[in-house]
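We begin with a single chain expressed as structure tokens, specifically the form predicted on its own.
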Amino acid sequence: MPTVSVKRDLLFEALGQKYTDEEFDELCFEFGLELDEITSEKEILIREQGGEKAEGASDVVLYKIDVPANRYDLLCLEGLVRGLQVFKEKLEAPRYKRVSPADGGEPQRLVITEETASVRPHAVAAVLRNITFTQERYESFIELQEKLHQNICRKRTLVAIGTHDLDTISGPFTYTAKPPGEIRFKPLSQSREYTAAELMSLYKTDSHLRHYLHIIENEPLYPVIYDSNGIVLSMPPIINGDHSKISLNTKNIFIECTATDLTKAKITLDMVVTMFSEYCDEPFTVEEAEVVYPDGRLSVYPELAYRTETLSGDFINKRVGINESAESIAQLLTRMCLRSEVSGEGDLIQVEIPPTRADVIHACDIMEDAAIAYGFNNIVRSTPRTYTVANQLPVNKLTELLRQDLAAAGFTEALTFALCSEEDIADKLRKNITETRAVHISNPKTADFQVARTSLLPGLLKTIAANRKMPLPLKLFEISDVVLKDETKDVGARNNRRLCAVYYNKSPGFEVIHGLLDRVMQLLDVKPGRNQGYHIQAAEDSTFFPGRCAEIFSCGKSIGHLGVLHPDVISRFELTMPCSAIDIDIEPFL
């Protein structure tokens, strides 16, 4: 969960009321938050860097408040105060408006060129007019951007925010992409101009910015935003230009968000402008900006979209476990910044979702807010009407019983990765990948995790290879799921519980593996026999040595194989001694 640090005195001043630490802790709990820590800048430095570094640090009391990860509207002092004031019914939730330029002129325009398609194809923009900053407001403005970058923006990979003093630049603005050698500007906090390539080298040692370099450093083109005079506003997602930096004296702010995810960009822009539009001369109004796409489409931002959801009071009552009237529930929701009213039809409630509540995507989210406003501690405890007795899944119960007895038989259990490389389940086992019915990962992070395993054998052989220096013999087993394609399933694949065991020694030890099979069948109460029992018969499998492989049948159905592994399989797993293995399906015995 994100943690928001706010100065206690500043918070209480904004709330218009002072609280004891215990009272504020209780208020946070009622609102669905948690007061995580009460500290100060000096205490933090003493704890993290020692007493010498803390000399001269502030003793101002800080509240560290844990905020739900999807409540982007609570990531700054302004949103936190607004939410608490509405919750305490001291304030009505404001209505946010998008307006045209006051002088009747043309809106600011951001033109996107087709070169951006390969790096960050989306952009949105807006203008905050006649804003008044104080030192605290300015710091909160910067901190909100950083919180959003770490949260919804996913460390700038999805969205990067740029804020600029509009009085120092002139539109229309151009968002394009160029080779790093062709981009040259003076970045924030630097004294001279650098090319983009030089900046990437410069920031490799920067404790803050080096974490974002990987996003574009291997791209042939870097994104960049220019104004009509060719001045660089920013090189997203790395750094803004020094020319358009904002300060305490800034009155008009041009905000742009470049992104790989347009939806996240819209939400991010809405959050920034709704939180700080209260400091404009006309509070809670945001000047629109136009964005022109490479195909000629024109969009106007910010959207600041309101939408209405309709749900019944009975839905909320049943799921929360309360018995309130529709009017009472509407009032509860209004306290959570969701303006609600009862429609004329039965107990239906119309709930208005403001642009600040991007976390509300389903009726269940509205129901949760109603429960928070009602108070979890006020919900009467009751016995569930449905009487159920928990029980272990049969396949898991069988697995646990077999694990105990295989360990008693002298085998050591291994737990291996459910994902592996294509080579592990195909080439190394002397099989064709198309015959394995493997489920492939669409975007594997490494070559070691390309597919879901179709056999437990590769994992056990890799475990033996990693433990070759251990005393012989090595006797391992695993009972786990493999994943197989299955068109009859709604997801196109199914899990299959299998048992696999291997014996690695100077001699193949086929008789050891055969004996293990007999013991497993004895435990499963399956007697030897061709019809109602189990039996083995000679078979050919490319993974096993010719003439040293048998197929296992139970009640007339094939359930697996056992035998001596082929020398090629052993060498491909970097082993040097013979190895026998058994691999069977245990689901038929449920």
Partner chain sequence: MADTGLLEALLRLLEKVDGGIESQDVAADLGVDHQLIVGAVKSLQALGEVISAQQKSSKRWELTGEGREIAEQGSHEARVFNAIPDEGLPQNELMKMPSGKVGFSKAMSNKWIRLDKAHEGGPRVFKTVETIEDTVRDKLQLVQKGLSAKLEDKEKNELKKRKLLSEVTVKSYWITKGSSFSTTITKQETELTPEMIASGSWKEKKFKPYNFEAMGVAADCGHLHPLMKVRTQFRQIFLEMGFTEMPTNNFIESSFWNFDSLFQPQQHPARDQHDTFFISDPALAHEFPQDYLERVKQVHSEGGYGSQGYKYDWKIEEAQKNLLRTHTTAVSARMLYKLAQQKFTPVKYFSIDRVFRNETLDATHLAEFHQIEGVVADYGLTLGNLMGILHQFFTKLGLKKWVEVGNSGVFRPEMLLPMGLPEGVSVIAWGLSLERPTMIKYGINNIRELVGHKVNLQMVYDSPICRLDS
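Quick caveat, the model's predicted, so the values are computed rather than measured. Positions refer to the first chain, counted from 1.
The protein also exists as the form predicted in complex with its partner chain; that form is not presented, and the subsequent description refers to it.
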Three residues, Val380, Ile441 and Val491; all within 4.5 Å of its partner chain in the model of the complex via heavy atoms?
yes
Options 385-393, 133-141, 248-256, 502-510; stretch whose heavy atom lies within 4.5 Å of its partner chain in the model of the complex:
385-393
Whether Arg120 contacts its partner chain in the model of the complex should be assessed with a 4.5 Å heavy atom distance threshold; does it?
no
In the model of the complex, Ala418 touching its partner chain (heavy atom, 4.5 Å):
yes
Taking its partner chain as it sits in the model of the complex, is Glu309 in contact with it (heavy atom to heavy atom, 4.5 Å or less)?
yes
Does Gln404 make contact with its partner chain in the model of the complex, using a 4.5 Å heavy atom cut-off?
yes
The listed residue (Gly230, Pro283, Gly410, Gly346) that reaches within 4.5 Å of its partner chain in the model of the complex by any heavy atom is Gly410
Just one of Arg192, His208, Lys97, Lys318 has a heavy atom within 4.5 angstroms of its partner chain in the model of the complex, so which one?
Lys318
Along 475-508, which positions have a non-hydrogen atom within 4.5 Å of its partner chain in the model of the complex?
Leu476, Phe477, Glu478, Ser480, Asp481, Val483, Lys485, Glu487, Lys489, Asp490, Val491, Gly492, Ala493, Asn495, Arg497
Given that the shift is 3 Å or more, do the Cα atoms of Lys445 and Arg120 end up closer or farther apart in the model of the complex than in this form?
farther
